[in-house]
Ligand code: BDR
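Below you will find one chain, with nothing else, as structure tokens; this is the form predicted on its own, and questions on how it binds or moves follow later.
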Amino acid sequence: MPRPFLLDTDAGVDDALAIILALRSPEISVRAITTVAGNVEVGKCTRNVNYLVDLLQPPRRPEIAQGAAKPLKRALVTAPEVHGKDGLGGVAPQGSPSLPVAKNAVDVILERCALAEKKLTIVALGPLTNLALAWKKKPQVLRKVGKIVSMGGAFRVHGNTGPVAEFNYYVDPDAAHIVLNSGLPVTVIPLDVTEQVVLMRKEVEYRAKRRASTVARFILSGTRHYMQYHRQTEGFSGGYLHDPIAVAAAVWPSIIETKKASVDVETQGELTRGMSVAEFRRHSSQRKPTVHLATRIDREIFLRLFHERLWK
């Protein structure tokens, strides 16, 4: 039986690829997709998720719920230079940025945890604001989650939002601090791992030409802005697959290697906001290691599964 999943997303370009991967993976059943402000404003995130679900038409439509419009304590920082003003590289449908949804994301997260009773996997692709709010509201219910996989952090590599911080944890470091210190079963997928894999523009163009489908056309056009950004800033015509790797790590845990560590996020530093820190040495810290920190991915297996699902 497919394992129940909930995706919590700020619905940018790599989030879209992650959603496609998840909805096309028969090993899991995406029961809900919740949105959080990050790459773009939360209303645009919700619109983008609705658009993607309509595009993919999965056999079972996931529940969609809108969540936090801003971080816990700070002004929202978005990334239009990376994902475009709409979050999908300029291809999102025009019109109202926010579509009506029946429930709040925090309530849906708690309901799904209660229903699944330790079987639910939550994959957090954006800032951890919704999960922190769920923890503050009903920690005893959130403890019923089976696993949380968080795309976030940069430990032994440079940050992608300033020199030391990864974007998701930079946007809401206070939420990341709460979740990573909660004792919940969290696996962190940092830039250290996600930057081990690059999807090149030539690969996308080659595969899109072989698949005359609406999804293939979306992938081709939706990734153009994202990949141009990397060409300008990183020197290669392609893009990192941050969020698809987080989904893959949740669906196929054997493709990543992890180490157990105490992990925290800087919330006070003027120059180090969002910086993630890991302590692996049990004897040197008073805190018990509770986070599984990914350190390596089997790149070949990931790319094979990614392309099989994305272009089918």
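The structure presented is a predicted model; accordingly, all values stated were derived computationally and were not measured. Residues carry their position along the shown sequence, with the first being 1.
The form predicted in complex with the named molecule is left out here; the points below concern that form.
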item: Stretch in contact, per heavy atom within 4.5 angstroms of the named molecule in the predicted complex, of 159-167, 211-219, 176-184, 137-145; value: 159-167
item: Exercise: L191 in contact with the named molecule in the predicted complex, heavy atom 4.5 Å; value: yes
item: N39, heavy atom within 4.5 angstroms of the named molecule in the predicted complex; value: yes
item: Partner contact for V108 in the predicted complex: the named molecule, 4.5 angstroms, heavy atom; value: no
item: Partner proximity in the predicted complex: L125 to the named molecule, non-hydrogen atom cutoff 4.5 Å; value: yes
item: Residues within stretch 1-36 having a non-hydrogen atom within 4.5 Å of the named molecule in the predicted complex; value: D10, D14, D15
